[in-house]
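Below you'll find only one chain, the form predicted alone, shown as structure tokens.
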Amino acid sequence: MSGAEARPGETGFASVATAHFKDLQSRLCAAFEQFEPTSRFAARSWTKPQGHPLQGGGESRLMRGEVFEKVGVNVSHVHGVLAKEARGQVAGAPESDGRFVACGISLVAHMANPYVPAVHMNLRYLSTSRAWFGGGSDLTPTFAFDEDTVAFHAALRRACDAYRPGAYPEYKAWCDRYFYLPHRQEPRGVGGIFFDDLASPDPSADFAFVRGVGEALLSVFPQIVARRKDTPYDQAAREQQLVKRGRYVEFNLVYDRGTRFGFSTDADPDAYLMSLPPLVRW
């Protein structure tokens, strides 16, 4: 990012970040479409009407195919005044009377083959009385393969190591704590990284790190898909996958901060419920 461009905390930086997220969205969708013989992403734009406390909108892209049973890649850029019930969820919102600007990209893929793991990524920028980044990425296999887990974590470690020493173990531990189902006493998957309220003295480095996390996902997940998508499976494996998806639903509806934030801001229900799988069993 050049010195002439807007920086975090400055008017207009959300537009800079949104432009990057839109570019990443396009590249992710193109990479995923390479696995599908006929299916393509369908785009849906949404905008809040004038007079609504929330202004702005976004573009949701969704694909249902033979390899990606359901995958969504959404980008949003919104601003306005948070409802009182939402202000406690966002750092700095009470001090800014609930005024905020937010933008981000969110990806969730549920795969047709039970041996291909589900994946999630979220990258976001928020500005209230101060500005910061958040996000991360994690892998949720029904049947975990060490090769896939190691490759996924190695890609994220490289992004973290390029940012600062010690970032990877810190953000990995944060992910392990966050993506945990207390009522089941089990992790959601094999982890990844998670970070929030990221506002170091060097915001350009913070933004470069956020971009690096997106590039890490783009580089490693298609390799995992290619390795596992043609693995033979039976109905018992499919049943186990559907039960595992039930855990995913439980986490996202009960604990996930992004889902709760979406409900409390009255953004776009189809966008923030995109993470739910198409079929699930308990």
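We number the residues from 1 along the sequence you see. Note that this is a predicted model, so its numbers are computed, not measured.
Heads up, the form predicted in complex with another copy of the chain isn't pictured, but that's what we're talking about next.
Undergrad: To verify the annotation, which of these, R64, K48, K244, R228, has a non-hydrogen atom within 4.5 Å of another copy of the chain in the predicted bound form?
TA: By the 4.5 Å heavy-atom cutoff, the listed residue in contact is R64.
Undergrad: Quick check: do R177, V190 and R257 each get a heavy atom within 4.5 Å of another copy of the chain in the predicted bound form?
TA: The answer is no: none of the three residues contacts the partner (heavy atom, 4.5 Å cut-off).
Undergrad: Can you check 207-215, 118-126, 158-166, 178-186 and let me know which stretch has heavy atoms within 4.5 Å of another copy of the chain in the predicted bound form?
TA: The contacting stretch here is 178-186.
Undergrad: Even though another copy of the chain is not shown here, does V249 get within 4.5 Å of it in the predicted bound form, heavy atoms only?
TA: V249: contacts another copy of the chain in the predicted bound form.
Undergrad: Would you please decide whether A19 lies within 4.5 angstroms of another copy of the chain in the predicted bound form, comparing each non-hydrogen atom pair?
TA: Heavy-atom contact with another copy of the chain at 4.5 Å: absent for A19.
Undergrad: Even though the partner isn't displayed, in the predicted bound form is D23 close enough to another copy of the chain, meaning a heavy atom within 4.5 Å?
TA: Taking the distances in the predicted bound form, the answer for D23 is no, it never comes within 4.5 Å of another copy of the chain.
Undergrad: Is P269 a contact residue for another copy of the chain in the predicted bound form, using a 4.5 Å heavy atom cut-off?
TA: So P269 counts as contacting another copy of the chain.
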